[in-house]
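Just one chain is shown here, as structure tokens, and it is the form predicted on its own.
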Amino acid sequence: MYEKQDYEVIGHSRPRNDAPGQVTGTVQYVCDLHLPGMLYAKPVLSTEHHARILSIDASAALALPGVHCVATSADAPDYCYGVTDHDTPCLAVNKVRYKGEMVACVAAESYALACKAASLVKVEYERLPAVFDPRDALKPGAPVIHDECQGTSYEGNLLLAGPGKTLKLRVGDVDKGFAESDVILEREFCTNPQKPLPIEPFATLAAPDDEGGLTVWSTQQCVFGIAEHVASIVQLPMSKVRMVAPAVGGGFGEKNQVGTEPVTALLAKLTNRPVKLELTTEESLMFTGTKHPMYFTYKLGAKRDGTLVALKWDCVTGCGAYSSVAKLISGKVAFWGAGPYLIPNQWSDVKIACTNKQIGSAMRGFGMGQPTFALEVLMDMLAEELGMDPLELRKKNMFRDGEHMSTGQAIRASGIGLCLDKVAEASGWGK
């Protein structure tokens, strides 16, 4: 048995490889990169939550000397991207679905000129009814946001996510479990859309090469996963698209899905020049994603001694205007919404609703923060109802090595018991 001091690396503090560059300011982020002949991009974002695009007039912008291009959906191929469902256009097509969606994008010789040109692009809208609460979006008569995707990705505003159009888990017999329970608690919870806001803004640099290919530098955390979408937008084989991830100045999960890469690549193709698109903080707040808001009903049954017997939960997830990672996030809610506890009877039903808000993105925990909040508050309520120490209630029901989760996955290294003991000791629990 090795002790910690016997290792040369494990258990010892080591300097970060990138620490000197971070401290001295020599690290190169996308915002720091410049190429000869590079153009600067500026987006035109929607001022409406839900509206039909009647016209886009870029003539005044294009009349300015030094403006090379004003791209709209007319310049992009008929291709939509997405993590699970391809429902997101490079630039808004026919209508906008949230305030902040990119309608057009300018490429010019300087950033100041690009800003001026973007301000001259005139977009005429026909405002449409909007819906912002995912529960309202699922009601009869709600404005349909993706009328062109009905039956493929959506039914009304419901994102089709699994058998019976929702994500489900069925383990044991919850009705029997509740019948055998001494105490049953049922409560509603909701979580708000939180906004990740890294210090580094979203930025992309795209440059054509001499061999008909394209190199894209991106702030993304999962940059290669975007390659197929960039290749489709510029209509190149993936072998001709090179994705580069320089240092990333914070991401928190938000930077693991498609962002400004497709439109920047499109501008580089249209102008045959390097193009850099760097969003301002305000533009990032409008254009990029938030943590998914969720609305829960949890029902928990237990014996008088604190043994958990049955758990039933349903959830409505707001995915925003496009699907993005909503199915992956909501799958975690459906399959692991019982947390780290051994509960023999479980039932879940998770619906995903499209709304006229920003897309939902990953953020710190990837689908586990929302149900964990709901369940842990409910566990405290149960402890109070039983007159039981909430720490002991958790330790009584927690996973142990060798047990299986509701999905059948084996537990091979459960650290929750040790973690709870350490927290209890450090916090003076019980005193």
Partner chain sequence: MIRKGRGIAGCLYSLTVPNAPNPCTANVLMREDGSVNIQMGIVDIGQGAQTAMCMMAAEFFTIPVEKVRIYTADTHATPYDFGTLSSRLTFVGGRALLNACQQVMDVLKSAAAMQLHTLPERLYCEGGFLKDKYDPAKMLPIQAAAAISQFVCRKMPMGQGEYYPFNVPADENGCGEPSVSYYYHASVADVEVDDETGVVTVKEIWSAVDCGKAINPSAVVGQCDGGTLQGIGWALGEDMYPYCTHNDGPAPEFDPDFRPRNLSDYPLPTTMDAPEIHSMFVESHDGEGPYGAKAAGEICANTAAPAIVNAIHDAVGVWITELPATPDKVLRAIREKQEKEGA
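Predicted model, so just to flag it, every value in this text is computed and none were measured. Positions refer to the first chain, counted from 1.
The protein also exists as the form predicted in complex with the partner chain; that form is not presented, and the subsequent description refers to it.
The closest non-hydrogen atom of residue 224 lies within 4.5 Å of the partner chain in the predicted complex. A residue is said to contact a partner when one of its heavy atoms sits within 4.5 Å of a partner heavy atom; residue 244 meets this definition for the partner chain in the predicted complex. Among heavy atoms of residue 57, none comes within 4.5 Å of the partner chain in the predicted complex. The shortest heavy atom separation between residue 250 and the partner chain in the predicted complex is within 4.5 Å. Residues within 4.5 angstroms of the partner chain in the predicted complex, judged by any non-hydrogen atom, belong to 336-344 and to none of the other stretches in 262-270, 336-344, 85-93, 300-308. 291 is the sole member of 351, 291, 312, 229 with a non-hydrogen atom lying within 4.5 angstroms of the partner chain in the predicted complex.
Out of the listed residues 183, 74, 179, 197, 197 is the one that sits within 4.5 Å of the partner chain in the predicted complex by at least one heavy atom.
Annotation for 261-291: interface residues with the partner chain in the predicted complex are 281, 282, 285, 286, 290, 291 [heavy atom within 4.5 Å].
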